[in-house]
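What follows is one chain in structure tokens, specifically the form predicted alone.
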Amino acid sequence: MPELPEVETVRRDLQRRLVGRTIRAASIVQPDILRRTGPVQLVNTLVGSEVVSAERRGKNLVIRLEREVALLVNLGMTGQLVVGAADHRAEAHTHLIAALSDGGVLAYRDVRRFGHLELAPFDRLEESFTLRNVGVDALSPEHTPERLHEAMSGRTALLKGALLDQSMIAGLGNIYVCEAMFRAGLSPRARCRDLSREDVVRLHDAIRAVLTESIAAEGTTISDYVTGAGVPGGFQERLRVYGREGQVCTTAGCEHRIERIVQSNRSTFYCPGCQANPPGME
């Protein structure tokens, strides 16, 4: 968290509020959030640069600057990248603040500091620390049912673990994996190799649907996430399984209650009725 819909929402806000502005001044408070980039290098590169575009790769932001370089931002678990007005007050845990040519402010805040910033040349983005292991984006045209089926064929890994692998599909995290598996009617205890082609097609459709719906609602706010305008998202009101342990399933006619199990130290929420275990598993 933030996952693809949250990062895409921030990207869209940055595209509207940041692109075309020039960074007039910048300061870095916590250099330990930088990767392969020194604080002096960061400030010297940012100051005087116009922002050309705001893009996204999986869960990562790519802010292109006019000097053939990009500022890469991974929000980690609690990162917030906000464009505020001139009177924007830097809250605690604000690690980067930059003054913009229109009087606004770009601020990066991260309570737990699991996120990071990095500068990388346009022509070598795939070699960067941030993007080196990022696979096909979950909403890109290249992410097809056929490609997903090929990636899963023969894998003994549990379905959830595979979907969280950013080198296979970029952008999914715990929330949307739980929601997609529920919509596809697939057990979190299923293994990739056991999925039929029909299962994979349903899963692919469910992934695209839940991500698209969440983007329309400007993402899911569970704790720290805010949009690029500094306001919470709204998809948390539409979650069907995530965080709903003990509540009745939302599927019409289903009387089961949502259960929670722990997989790889992460909570998995699912409906035991709609997502029955694979054959042979109690």
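Not measured: the values here are computed from a predicted model. Position 1 is the first residue in the sequence shown; the rest follow in order.
A second form of this protein, the form predicted in complex with the DNA, is not displayed here; the remarks below concern that form.
Remark: of stretches 96-104, 68-76, 180-188, 199-207, the one touching the DNA in the predicted bound form is 68-76 (heavy atom within 4.5 Å). The putative spot formed by 8, 214 and 236 is not touched by the DNA in the predicted bound form; no residue has a non-hydrogen atom within 4.5 angstroms of it. In the predicted bound form, the DNA lies within 4.5 Å of some heavy atom of residue 114. In the predicted bound form, at least one heavy atom of residue 155 sits within 4.5 Å of the DNA. Within 4.5 Å of some heavy atom of the DNA in the predicted bound form lies at least one heavy atom of residue 173. Contact between residue 125 and the DNA in the predicted bound form is not found at the 4.5 Å heavy atom cutoff.
Contacts of stretch 128-142 with the DNA in the predicted bound form, defined by any heavy atom lying within 4.5 Å, are made by 129, 132, 133, listed in sequence order.
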